[in-house]
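First, one chain by itself: the form predicted on its own, in structure tokens.
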Amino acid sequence: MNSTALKATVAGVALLSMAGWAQAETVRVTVAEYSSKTGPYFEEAAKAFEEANPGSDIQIEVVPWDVLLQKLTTDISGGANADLSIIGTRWLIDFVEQGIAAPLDDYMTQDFKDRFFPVFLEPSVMQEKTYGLPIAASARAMYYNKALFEQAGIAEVPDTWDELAEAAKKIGALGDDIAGFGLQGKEIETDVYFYYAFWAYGGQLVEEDGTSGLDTDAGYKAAEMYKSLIDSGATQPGVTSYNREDVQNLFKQGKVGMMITAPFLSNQIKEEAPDLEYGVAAIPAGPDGERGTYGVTDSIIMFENSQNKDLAWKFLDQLFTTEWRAKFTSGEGFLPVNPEVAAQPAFADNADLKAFTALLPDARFAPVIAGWEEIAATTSDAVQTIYLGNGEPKATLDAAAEEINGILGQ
């Protein structure tokens, strides 16, 4: 997120706490839409809360992810934001620096903190204060189509990127409408799809000296490898026209041999393509055995200018009880953020979720630094340029790294 732009939109945010727009017993909640189940879940939770707390009014607004940040920025600038909102945790540092997010520590008992796995709660802790709660969490793993593996004569699931490239070419040769490796090249997480190989080759998003790691051998090798997959016909054609959902749809249709994505694809397959034979494996390793999955949390925050913080917190407390967390997590297909939920048979006995959970020790999270959204966009632009053949990997990544260094103040 561009911190300068955010500062401009939230000028005078401290005065908003005096606006008094919220009704005394009303709590407004802005919710990111994960699936068709998101709205009904939160409406059900709101109804249960209102029944248990007569006189309360919980108002739910569901917003698509691709416009959520813009909507929040607009609402904040006009003093019309909700009391609570789901955000990408990577945005949180900008909200904290501008005094938009309220610290929650005065409400949190130790028993409440113990509801969470620390790895998922820690990303929302800044300056020794907790500014958000992990509403959703996931990692990334590689899905593979068992039938296509068999048709291509592939006996073992690739464990390295070299093995993946070889297998992808074999699968891609099965037919013009079959892709060996589904590669995302559009919209949210386009940069992340690049990081999987980048991390495997030993790359660091931000080097120890505070500069971008894109202009390194790891960046060049990852870009060259992905471009080789595209040029050899091992991916679907026109990868820059495919976002994450597009590639997932191809996989559910049986047209992709391998792709990397989140746990929620398992739920979608069970509901939309129950006959698809698939497996879940670790993201491939690099030549030195390094590998990394992308760890993701989304947080729900309370706004500093909320006029009804106590009631808003009470609703948060309900959302993070075991009953409501289990219902949300199972419905959306996320990883449990609570030990009690994780211990339930529906999660503990789920083979797919176990595969993702096993990858958490290798999880990498987006750096908690100002301007990360702008950095991610710069990276996405660079890899798209490479995928389209409009720039050589080294020169394109060098230029992107220089731009990122400016954002980083280097």
Partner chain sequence: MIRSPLTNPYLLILPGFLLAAFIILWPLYQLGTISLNDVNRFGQLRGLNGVENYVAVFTDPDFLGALWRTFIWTGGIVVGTLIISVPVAMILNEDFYGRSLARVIIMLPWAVSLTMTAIVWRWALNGESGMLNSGLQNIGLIDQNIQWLARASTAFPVQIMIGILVTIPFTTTIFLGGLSSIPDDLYEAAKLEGASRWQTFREITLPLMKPFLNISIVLNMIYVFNSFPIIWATTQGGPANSTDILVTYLYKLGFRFGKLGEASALSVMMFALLLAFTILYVALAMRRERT
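Bear in mind that the values here come from a model prediction, so they are computed numbers and not experimental data. Positions refer to the first chain, counted from 1.
Keep in mind the form predicted together with its partner chain is missing from the figure; the text below concerns it.
Is Glu187 close enough to touch its partner chain in the predicted bound form, meaning at least one heavy atom pair within 4.5 Å?
Glu187: contacts its partner chain in the predicted bound form.
Give a yes or no for Tyr131: in the predicted bound form, does one of its heavy atoms lie within 4.5 Å of a heavy atom belonging to its partner chain?
Taking the distances in the predicted bound form, the answer for Tyr131 is no, it never comes within 4.5 Å of its partner chain.
Does its partner chain come within 4.5 Å of any heavy atom of Asp94 in the predicted bound form?
So Asp94 counts as contacting its partner chain.
Quick one: is Gln110 in contact with its partner chain in the predicted bound form, heavy atoms, 4.5 Å cut-off?
It does not: once its partner chain is placed as it appears in the predicted bound form, Gln110 has no heavy atom within 4.5 Å of it.
Please state whether every one of the three residues Thr26, Ala52 and Thr261 places a non-hydrogen atom within 4.5 angstroms of its partner chain in the predicted bound form.
Verified in the predicted bound form; spot residues all out of contact, no.
Counting non-hydrogen atoms within 4.5 angstroms of its partner chain in the predicted bound form, say which of Thr38, Thr357, Gln384, Ser56 makes the cut.
Flagged contact: Gln384.
Would you mind picking the one in Gln307, Gln204, Gln98, Thr216 that has a heavy atom within 4.5 Å of its partner chain in the predicted bound form?
Among Gln307, Gln204, Gln98, Thr216, a heavy atom within 4.5 Å of its partner chain in the predicted bound form occurs only for Gln98.
Just one of 204 to 212, 167 to 175, 72 to 80, 112 to 120 has residues with a heavy atom within 4.5 Å of its partner chain in the predicted bound form, so point it out.
That would be stretch 72 to 80.
From first to last in sequence, which residues of 223 to 255 have any non-hydrogen atom within 4.5 angstroms of its partner chain in the predicted bound form?
Pro237, Gly238, Thr240, Ser241, Tyr242, Asn243, Asp246, Leu250, in sequence order.
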